[in-house]
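Just the one chain here, the form predicted on its own, laid out as structure tokens.
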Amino acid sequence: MAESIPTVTAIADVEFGGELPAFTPDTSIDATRRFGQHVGWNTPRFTDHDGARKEGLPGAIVPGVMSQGFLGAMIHRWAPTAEIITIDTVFRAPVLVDQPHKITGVVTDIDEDELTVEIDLTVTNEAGETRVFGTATARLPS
């Protein structure tokens, strides 16, 4: 059975400090390989653990733009009708393939005149280490 996620449909539904439902992205090697095939990044750093280690990495990594896509997906799971205006990210450490990660978000600003919300987003691994963090601005219906 699919998980039921409470969704936001309008700016009036948003609360300052409100937490978005946590999101667990698919960081499997298969997902990363499929992504690499579609964007032309079939390099070992993203598709093969041993090949990535030969490049000095701890294993295959999720491409940064794929991690940003996960952030966008989280926002759209929370507010399907939102228009994402910006996502600004800081990559602190690689998101490793085949390791569980969790994305969390919290509303840090609401501009009812512009119908926008600002959301702080964080990608953490199982050890609770922040791998990626950032801020997104999204516009919602009135």
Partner chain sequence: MILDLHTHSIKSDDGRAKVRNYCQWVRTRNVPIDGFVLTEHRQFDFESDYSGLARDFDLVILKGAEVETEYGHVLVYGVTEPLYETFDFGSIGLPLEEVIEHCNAHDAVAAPCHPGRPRVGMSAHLAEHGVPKGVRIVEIYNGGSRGEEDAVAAAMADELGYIGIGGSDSHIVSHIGRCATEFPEPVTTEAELVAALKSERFRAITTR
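In this text the structure is predicted, and so the values were computed from the model without any measurement. Residue numbers count along the first chain shown, from 1.
If you look for the form predicted together with the partner chain, you will not find it shown, but the lines that follow are about it.
Listed residues E83, E112, E55, D109 were compared with the partner chain in the predicted bound form; D109 is the one with a heavy atom within 4.5 Å. Checking A93, A31, V65, V39 for any heavy atom within 4.5 Å of the partner chain in the predicted bound form turns up a single hit: A93. Partner contact region in the predicted bound form: 84 to 92, out of 66 to 74, 31 to 39, 44 to 52, 84 to 92, criterion any non-hydrogen atom within 4.5 Å of the partner chain. Among heavy atoms of G134, some come within 4.5 Å of the partner chain in the predicted bound form. Looking at D13, you'd find every heavy atom of it more than 4.5 angstroms from the partner chain in the predicted bound form. Residue contact with the partner chain in the predicted bound form: T122 places a heavy atom within 4.5 Å of it. In the predicted bound form, the partner chain sits beyond 4.5 Å of every heavy atom of T24.
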